[in-house]
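Taking the form predicted on its own, here's one chain by itself in structure tokens.
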């Protein structure tokens, strides 16, 4: 006799956290989590149990839950994610908050999200600022395909996609705001071998020996692609604030501010191109 929902979750909870077990089982059953709570004595069909056990085995192996579900919520938007993209993190919403503070709601504005991945940041901004013209740029064709599907499903057509290597294809003096969550992990960081990180795209995580290589490229490019008086907002590691500010000053940017995430950690560099 096949196990009940209650029995299946109790067994799975010995291997993964309860919430993860519920999310994976709901996905295997093609139902909402509320169904599991409402009908705990229902028995699984053999095919359903096999699907769940396959998902559970992948999670135990370290594959992120978001990849197994194929989706992740960010800024109240349900986004498709895949192994071609990073899994959006809650702390990155700090970057969106600071961007919205810089984007007028009542007139057009040209905003670029560099290294967009799944499109999370660009789509969040597009949903809040429909009069803005948003560009989402990534080097990865596979990531841009995910971002395009997210855009089309959400109907956020004030967003255009660009394939390119950082800002090389962007015209000088053309942006009112640049936002980015670039790679910022040092290549020797032991966290790369822990948790979900081994399964996420390394090129979207690692930025050279000290984790600052992407900033060394992006900040000087920002200084010429922004219109005079416009701002750049870049997410960085919680221990990189001073180095990020130093690189911004070296690039000729001023009015430097550092913004903290909900955990109180320095997370976002803000700087302005002088007028």
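Just so you know, these numbers come straight off a predicted model, no measurement behind them. Positions refer to the first chain, counted from 1.
Below: the form predicted together with a small molecule, not depicted.
- For the candidate spot formed by 91, 197 and 205, every residue has a non-hydrogen atom within 4.5 angstroms of the small molecule in the model of the complex.
- Checked against the small molecule in the model of the complex, the residues 191, 141, 153, 131 give one hit for a heavy atom within 4.5 Å, which is 191.
- Proximity to the small molecule in the model of the complex, defined as a heavy atom within 4.5 Å, singles out one entry of 185, 84, 100, 77, which is 185.
- Shown alone, this chain has one stretch from 161-169, 144-152, 175-183, 68-76 that lies within 4.5 Å of the small molecule in the model of the complex by heavy atoms: 175-183.
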